[in-house]
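In C-alpha cells, one chain follows: the form predicted on its own.
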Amino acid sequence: MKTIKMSIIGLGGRGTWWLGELLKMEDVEITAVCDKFEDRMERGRKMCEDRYGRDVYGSTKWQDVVNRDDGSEAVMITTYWNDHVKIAIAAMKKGKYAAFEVGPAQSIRQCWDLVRTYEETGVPCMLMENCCYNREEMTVLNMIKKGLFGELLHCQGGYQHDLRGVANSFSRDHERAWHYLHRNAELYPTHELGPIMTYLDINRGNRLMSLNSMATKSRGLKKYVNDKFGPDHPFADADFRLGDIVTTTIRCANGETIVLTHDTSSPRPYSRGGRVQGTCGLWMEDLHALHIEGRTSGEVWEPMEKYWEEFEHPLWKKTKAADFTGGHGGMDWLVMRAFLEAVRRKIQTPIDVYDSATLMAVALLSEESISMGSATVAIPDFTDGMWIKREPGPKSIFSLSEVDDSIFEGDVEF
C-alpha cells in the first residue's frame, strides 16, 4: 500500500499514544511532531528517531508544522479541545486532510467555519469518533440496516465514567478540569451520539432538529477533592460549574427522540448506556442483550452473543480488529484505518465535516439550553438542506451509512 505521510500536533497522553500506534503502521510515515511543551515535543522526536533511525522535524508551534512543505498529506490533531477546529481549518487550507480527536468546538461559528472551509477547499476532515467503530455498536448498525429493529423510534446513550481523578492533574493545565470549572453543559456527547447518528441516518435523510438540557447541582468533584486532598488543595473551595449529571433530549426531523447523559463526577462503573428501540425490537448495551419480535420467545432478553455469528458487522469479521493493537478493544485502530483509507484514496471521510460539526455543536447548544432554564434550542442544519437527499458517499469497507456485504467478498485491503 502507498505510504501516507502525516504529522501529529499535540503530544499529551492521548497524542503520545497515537504517535506510538502510527509508528507501528508500515504504510504511515510521520514527517513532523509538535507540542507546546518542549519536553513532550522532544519525546515525540525521540520516538520517531527510534523508529526511523533519523531525525524528524519538531516544533512547539503548530503553525510551523501545518505550513511546512514536507509532502505531508494529513495532520492528526490531539491538542486541547479549544485548538482542534482552528488547526484543522489551517491544515485544510494547506491541502492536508485533518483528523482531530473528540471534544466540543468552542462556538457554533467555529462549526460553520469548519464546514465553509471544506466547501471552499474540498479538503475533508474527520472527527475521530472511535465509538462508531466499536464491535457491539457496529453489529447493532448491521442489524438495523437489515431491518431487525423495524422502524426506529428512540435511542439513548451516555458518557458515564468516573473521572473525578482529573483533580490529580490540575497543576499541569488539565483541560477537562478547566472545562468543569467554567462550563455547565453536555461536555462530551460524541461517544454516544456518534453511533446513534449512524443508526438514524443523520445528515443523510434525517437530521437533528432541536434539544433541551438540564443539569443537577454540582457536588461530586468538590467532595472528591476535599475527601482525597483536604482543605489545603488549590481547588478545595472551587465552585465547579458543571452539574454532576446532565441530561439532554433531542428531537429528529423524522420523529425519533434521543436522550443523552453526561455523568462523570460521581462513583460509578463505566457505561455508554446505549439503547435502540424500534417497532420490532430493543437493544440495551448495559445488558449486552436484545429483544427482537419474531425471534425472541416471550417477554425476556436474549444475550448479544446469540447474534454475533449471524449479524456481526463484516468489517469486524474481516479485520478481526480486536487482534490488533489500537486501544479500546480495536475500535481506535479501525477509526484510524478509516481515516487513512480516505487519505490514500483521496475520497470523503466516513465521518465527514457535516457529521463532525453536528457532533461538536451539541455541547455548545446544551450549555445554551441550561443557561436559559432548559429552554429548547434549535440545532443548525450544517448541510444547508442537503440532508434531505444527499448523494451517497464513496463505497468503502469503513462506511457508516450503509453495510454492503458484497465489498467484503474476497481479499480486503485495510
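All of these numbers come straight from a predicted model, not from anything done at the bench. Don't overthink the numbering: it's just position in the shown sequence, from 1.
The discussion below concerns the form predicted together with a further copy of the same chain, not included here.
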* Structure fact -> Contact with a further copy of the same chain in the predicted complex, heavy atom within 4.5 Å, among 74, 250, 132, 128 goes to 250
* To do: Identify which of 106, 266, 226, 121 has a heavy atom within 4.5 Å of a further copy of the same chain in the predicted complex; exactly one of them does.
  => 266
* Specify the contacting stretch among 110-118, 95-103, 266-274, 135-143, defined as having any heavy atom within 4.5 Å of a further copy of the same chain in the predicted complex. => 266-274
* Asked: Applying a 4.5 Å heavy atom distance criterion, does residue 203 contact a further copy of the same chain in the predicted complex?
  -> no
* **Residue contact check: residue 212 to a further copy of the same chain in the predicted complex, 4.5 Å heavy atom** => yes
* Asked: Applying a 4.5 Å heavy atom distance criterion, does residue 385 contact a further copy of the same chain in the predicted complex?
  -> no
* Just to confirm, residue 232 within 4.5 Å of a further copy of the same chain in the predicted complex by heavy atoms? -> no
* Asked: Taking a further copy of the same chain in the predicted complex, which residues along 351-385 bring a heavy atom to within 4.5 Å of it?
  -> 373, 374, 375, 376
